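Let's start with one chain on its own, the form predicted on its own, as structure tokens.
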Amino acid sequence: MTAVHQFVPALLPRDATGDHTRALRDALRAAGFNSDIFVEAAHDELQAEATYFEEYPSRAQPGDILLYQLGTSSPVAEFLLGRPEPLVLDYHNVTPEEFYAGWEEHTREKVALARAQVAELAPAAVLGIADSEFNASELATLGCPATEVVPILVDLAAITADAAEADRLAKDHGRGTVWLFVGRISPNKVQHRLVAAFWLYRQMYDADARLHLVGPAVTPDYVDALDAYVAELGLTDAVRRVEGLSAGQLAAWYEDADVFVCLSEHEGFCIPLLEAMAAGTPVVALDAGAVGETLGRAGLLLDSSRPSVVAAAVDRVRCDHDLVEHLVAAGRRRLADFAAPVTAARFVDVLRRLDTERSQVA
């Protein structure tokens, strides 16, 4: 029986790539493939589900296909480049290094290495699977001989809002408009532009509005600068940063928000857009990277992140109830394209066709 073994730098709980990797393993096994997960590192919670990549050579079998979950730099990349088995890349994108220039040299060097590894791996792979056309185009430009677009596996239907968190947020909501953005605090997410648009919105439309920024603070210098900017604009009491929420708590924050606003300049897919759709939260987003491709017609897509443009778009959403109903309904329809059973079946089909083609050539 053919084996499709996955390799991932780190297997983490409550992590998009980690959840995707484990869900894909389960789908492959259900379809009749042997499938294990090999890692550079694994969280204590998931040690039983992972094997260190250095152990793979002693377990290798003829006919194995190796699938690399590629989204960061890792010694796993060099290991796979030295293996004779067919290599498939599941590409989740790597943020370009220029976003970190002047903010954090360590991170800039890390993403530069990751993108160099992508450039080496792409022409060595037999197939690239990408979350989006945006990512597939990048692989093709780097010399990947064939690409398929299959979105990341994410089971939003299995997540329900934490009732206690939802009740607490509802009591605290107040009369002002609540803006929400979910994503790591990082230069490519450009939360500073979001803050600028939010400040103008409070000046022009709703002085009681609040902004919630949910996500890990991964770039310290940028985080410090963002906090200082918030204070300089007199928004300390209006802007709240939070991280470490459970899936149920996060769902409650989406449901509590009046609008999800994304001005990120580089997204290879953008799962928070799907989470907002699932919660019935209208979306206003900058058309950058794969945002437009992911969102489709389920949100207001902007061609500029100028504060006046963003503030006016949010005001339109808040004042036009028919528009909100249209966007929420469009979001629910759009989510059907990303339903976990549909996406899992597409992944299995792509890998089964690859296995069949290899068998015919052999």
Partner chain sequence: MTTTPSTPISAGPEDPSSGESGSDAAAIAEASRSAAVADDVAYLDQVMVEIDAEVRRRRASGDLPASLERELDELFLEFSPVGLQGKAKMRETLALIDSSAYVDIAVPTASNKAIGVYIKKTIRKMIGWYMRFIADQIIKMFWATSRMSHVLVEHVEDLEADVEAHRTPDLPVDVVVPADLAAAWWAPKAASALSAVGGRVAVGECGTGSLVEALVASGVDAYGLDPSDLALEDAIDRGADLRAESVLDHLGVVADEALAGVVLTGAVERLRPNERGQLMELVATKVAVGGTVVLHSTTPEAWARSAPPLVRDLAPGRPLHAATWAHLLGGRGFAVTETTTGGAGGALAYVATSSPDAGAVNAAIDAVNELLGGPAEYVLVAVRER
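Numbering follows the first chain given and starts at 1. This is a predicted model, so every value here is computed, not measured.
Only in words, not in the display: the form predicted in complex with the partner chain, which the text now covers.
Although the partner is absent from this view, L300 contacts the partner chain in the predicted bound form, with a non-hydrogen atom inside 4.5 angstroms. Residue contact with the partner chain in the predicted bound form: A290 places no heavy atom within 4.5 Å of it. Residue contact check for D320: one or more of its heavy atoms lie within 4.5 Å of the partner chain in the predicted bound form. For S308, a non-hydrogen atom is located within 4.5 Å of the partner chain in the predicted bound form, even though that partner is not displayed.
In summary, the region of this chain contacting the partner chain in the predicted bound form, judged by heavy atoms within 4.5 Å and restricted to 68-76, 247-255, 202-210, 271-279, corresponds to 202-210.
Interface residue among A238, L226, L80, L263 relative to the partner chain in the predicted bound form, by the heavy atom within 4.5 Å criterion: L226. Put simply, of R184, R193, H92, K110 only one has a heavy atom within 4.5 Å of the partner chain in the predicted bound form, and it is R193. Scanning 119-148 for heavy atoms within 4.5 Å of the partner chain in the predicted bound form gives L127, E133, A146, T147, E148 in sequence order.
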